[in-house]
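Only one chain comes next, encoded as structure tokens, the form predicted alone.
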Amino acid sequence: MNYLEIRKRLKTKTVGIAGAGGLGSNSAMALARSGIGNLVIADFDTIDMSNLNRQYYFYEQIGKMKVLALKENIKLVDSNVKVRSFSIKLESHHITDIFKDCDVIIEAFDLQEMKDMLINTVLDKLPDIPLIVGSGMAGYGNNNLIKTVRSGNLYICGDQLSEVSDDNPPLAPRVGIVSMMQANQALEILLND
């Protein structure tokens, strides 16, 4: 399938992204560059200086809502991508309404309890929608440990070991690798459908 054929197929597809930080912002940009037609992005946070080391934002955007700044950045890459953004802290009762029309959902949260809530809700309420999560991307090095594991409609990208801590912070290279794996997995699902 050539590039124009890929873009034609992706034009009608919708990817939901829960979280617009390191994983979400980078996955969204990769999907936009690949020709995705529609993105649904939800996050409640604003950009601060500490985000710039791994998230797809710029110094001038500090203080803006992440979903609004990400929508601006996507439009700079491809103005044809339709972005529906929700400045909201997701709870289980929001997930079904916001992501029900998506072909694929990408989980991009920092906190484990938020990840668990999203996974449980999607598997229970939206079981036919593939869910791609990130787990284990803190620190640096150990490229060979990063992989994708599948269980039904659940895909887990990362090493599933590297927990974020003060002594093992999330850094751009590993976060970027996992976010690109999530975007790539979404493309594989959408293009092989």
Partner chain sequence: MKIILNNRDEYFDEEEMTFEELLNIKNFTFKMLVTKLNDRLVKKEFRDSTIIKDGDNVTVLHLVSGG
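Residue numbers count along the first chain shown, from 1. None of the values given here were measured: they were computed from a predicted structure.
Form predicted in complex with its partner chain: not shown, discussed below.
**Q** For the three residues K115, L123 and Q160, which mark the spot I'm curious about, does each lie within 4.5 Å of its partner chain in the predicted bound form through at least one heavy atom?
**A** Contact check passed for all of K115, L123 and Q160.
**Q** Quick one: which of 27 to 35, 56 to 64, 146 to 154, 40 to 48 gets within 4.5 Å of its partner chain in the predicted bound form, going by heavy atoms?
**A** Of the options, only 146 to 154 has residues within 4.5 Å of the partner.
**Q** What is the one choice in D103, D110, E72, D78 with a heavy atom within 4.5 Å of its partner chain in the predicted bound form?
**A** Only one listed residue qualifies here, and that residue is D110.
**Q** Report yes if any heavy atom of M181 sits within 4.5 Å of a heavy atom of its partner chain in the predicted bound form; otherwise report no.
**A** No, M181 stays farther than 4.5 Å from its partner chain in the predicted bound form.
**Q** Flag I119 as yes or no: does it have a non-hydrogen atom within 4.5 angstroms of any non-hydrogen atom of its partner chain in the predicted bound form?
**A** Yes, I119 is a contact residue.
**Q** Hey, in the predicted bound form, does L10 get a heavy atom within 4.5 angstroms of its partner chain?
**A** No, L10 is distant from the partner.
**Q** Whether I132 contacts its partner chain in the predicted bound form should be assessed with a 4.5 Å heavy atom distance threshold; does it?
**A** It does not: once its partner chain is placed as it appears in the predicted bound form, I132 has no heavy atom within 4.5 Å of it.
**Q** With the partner left out here, which residues of 18 to 55 have a non-hydrogen atom within 4.5 Å of its partner chain in the predicted bound form?
**A** Residues within 4.5 Å: G22, L23, R54.
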